[in-house]
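Below you'll find only one chain, the form predicted alone, shown as C-alpha cells.
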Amino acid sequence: MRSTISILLCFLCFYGKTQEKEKYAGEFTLGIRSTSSFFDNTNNGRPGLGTGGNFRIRLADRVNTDWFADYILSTTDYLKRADAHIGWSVLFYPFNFQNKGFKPYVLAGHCFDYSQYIDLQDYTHKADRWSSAIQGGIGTHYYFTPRFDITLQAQYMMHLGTHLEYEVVNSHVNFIKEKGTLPEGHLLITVGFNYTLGKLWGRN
C-alpha cells in the first residue's frame, strides 16, 4: 500500500513539473472559418463553399484540439447539395514555436456528417443520409499577435457508412442510396480567423 502511494505521489510531482514547463497548455481559442469542399465524384468537379466556427483547447505546447462545425453548399446542373459537419481534430506541432509567426501542424480526427441532395427541377424530390467520417491533413497558423492568428489547412475527409449518389436519366434525377459501399471522400480547404481568449488551466 505504501509503495502504491509513493508511486502515485511521484507521478503527481512529475506531472506537476511537466505542466509547469508547458507554457501554452490550457489555452482556449475561439474562431470563425470558411471552407471549400472538393468532392470525389458527385459534383462534377464543382467545389462547395461553406461557413462555420470552431474552438481550440490546447493540451500541451505541441498538442492542440480543434472542435468545429461547418455548413457547406454546392450545386450541379441538376441538384443542390448541402453538407453539415460537426467534429474534432487533434493537432500536433512538430516544431515547438512560440505563438508568433508560422506554426505548422499535422492533424487527424473524426466527425459526424449530414448530407442532403435536392433536385433543382422539383424541390420536393430529395434524399439525405447520415454518416461518420475520419479526416487527416496538414495546416499552419500564422500569429499576428500572441493571441490572434489566421489558420490555413487542407484535410481529406473519408465518409464511412451509407453512400449517396445520383444519376440523370432523360433529364430526370434518380437518387441512389447504398450501405456497405466503398467510402466517399472529399478534400477540404479551410481558412480561419481565431482569437485566444485565455487559459482554462495553468499559468498565464
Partner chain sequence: MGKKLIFVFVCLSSVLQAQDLAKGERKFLLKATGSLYKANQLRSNLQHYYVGGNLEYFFADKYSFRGDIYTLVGERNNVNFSMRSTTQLTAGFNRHFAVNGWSPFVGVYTGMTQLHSSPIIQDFVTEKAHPDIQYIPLVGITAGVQYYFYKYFHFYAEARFTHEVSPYASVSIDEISYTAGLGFHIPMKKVK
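Positions refer to the first chain, counted from 1. It should be emphasised that the depicted structure is a prediction, and the values quoted were computed from it without experimental measurement.
Beyond what is shown, the protein has a form predicted together with its partner chain; the following relates to that form.
- Message: When its partner chain is placed as it is in the model of the complex, are 51, 120 and 144 each within 4.5 Å of it, taking any non-hydrogen atom of the residue?
- Response: Yes, the whole trio is in contact, each within 4.5 Å by some heavy atom.
- Task: Could you tell me which stretch in 170 to 178, 66 to 74, 133 to 141, 156 to 164 has residues with non-hydrogen atoms within 4.5 Å of its partner chain in the model of the complex?
- Result: Contact-bearing stretch, as computed: 66 to 74.
- Considering only heavy atoms, tell me if residue 148 and its partner chain come within 4.5 Å of each other in the model of the complex. Judged by the heavy-atom cut-off of 4.5 Å, residue 148 is in contact with its partner chain in the model of the complex.
- Query: Any chance residue 33 has a heavy atom within 4.5 Å of its partner chain in the model of the complex?
  - Reply: Looking in the model of the complex, residue contacts with its partner chain include residue 33, since a heavy atom lies within 4.5 Å.
- Proximity of residue 110 to its partner chain in the model of the complex, heavy atoms at 4.5 Å: No, residue 110 is distant from the partner.
- Query: Heavy atom to heavy atom, is residue 80 within 4.5 Å of its partner chain in the model of the complex?
  - Reply: Residue-level check for residue 80: yes, a contact with its partner chain.
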